[in-house]
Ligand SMILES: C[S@@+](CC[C@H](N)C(=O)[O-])C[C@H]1O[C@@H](n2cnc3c(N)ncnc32)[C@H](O)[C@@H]1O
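So this first bit is one chain, no partners, the form predicted on its own, shown in structure tokens.
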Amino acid sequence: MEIDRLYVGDAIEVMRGLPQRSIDLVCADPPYNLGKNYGNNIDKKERRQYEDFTRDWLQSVARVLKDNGTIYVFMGVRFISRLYVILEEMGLSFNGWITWHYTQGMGRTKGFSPRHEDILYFVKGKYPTFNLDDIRIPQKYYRERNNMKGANPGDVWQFSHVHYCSQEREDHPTQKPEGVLERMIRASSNPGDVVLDPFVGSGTTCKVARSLGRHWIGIDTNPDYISISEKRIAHSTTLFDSVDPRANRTPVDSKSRS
């Protein structure tokens, strides 16, 4: 099976054609089972059916993931606890629970309005890639003991949604910001590594991977989304559609403030 290519088809079936231990990083944004319309299918299964589907595609990922490889999985609050358990049952090791915080979202009048999504971060093996220097965030204040290359960004990430009025918005209901994928790919892979997205959607993962010098594979059941992804990847750029708002700050000298 070729790399740097998009495939139309069921993720489980397509991954069967991938060699064992051939993928360095998986970034997956599977359906959340909330009834969304993905063009050629509606994301609504019985709970047991959805759990079986999740186990099946994760088993395929565990097979193709290299030793010391990494997987990030986006998931909604209704299923994320069960997903955590399933990932552990696959023999993968927990390495982080990331909260992606955004400032705008669905409004509610009876209850608190959702303002975040969760991302589970699991690894295979004891020595996964983690390039901290590639993702550091500038310090807020200067102190001699600080690493002035920047701080670990932590497990709460603030990136805006790709809003429906944005020029970067594609015709996909769950498009993720490029800045989120940029951080994952920089942190957990190296140039020349292979990044897999089994639910490629609008192509964000593959676009960012190509821009950062990684190889990539994307899979989706909807040929229309594959067409969208092809166009985005063909016009790939390192000017991503979102950034952490802390990325451009300049440390304040705390001594001068005293």
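So that there is no doubt, residue numbering starts at 1 and follows the sequence shown. This one's a predicted model, so the numbers in the text were calculated from it and none came from an experiment.
Same protein, other form: the form predicted together with this ligand, not shown, and the subject of what follows.
Asker: Out of 61, 212, 219, 233, which one falls within 4.5 Å of this ligand in the predicted complex, going by heavy atoms?
Answerer: The residue from 61, 212, 219, 233 that makes the contact is 219.
Asker: Within a 4.5 Å heavy atom cut-off, is residue 18 in contact with this ligand in the predicted complex?
Answerer: The answer is no: residue 18 has no heavy atom within 4.5 Å of this ligand.
Asker: I'd like to check something about residue 41: if you look in the predicted complex, is any of its heavy atoms closer than or equal to 4.5 Å to a heavy atom of this ligand?
Answerer: Answer yes; at least one heavy atom of residue 41 falls within 4.5 Å of this ligand in the predicted complex.
Asker: Hey, in the predicted complex, does residue 54 get a heavy atom within 4.5 angstroms of this ligand?
Answerer: It does not: once this ligand is placed as it appears in the predicted complex, residue 54 has no heavy atom within 4.5 Å of it.
Asker: Under a 4.5 Å heavy atom criterion, is residue 193 part of the interface with this ligand in the predicted complex?
Answerer: The answer is no: residue 193 has no heavy atom within 4.5 Å of this ligand.
Asker: Though the partner is not shown here, which residues of 1-30 have a heavy atom within 4.5 Å of this ligand in the predicted complex?
Answerer: In sequence order, 9, 10, 11, 29, 30 come within 4.5 Å of the partner.
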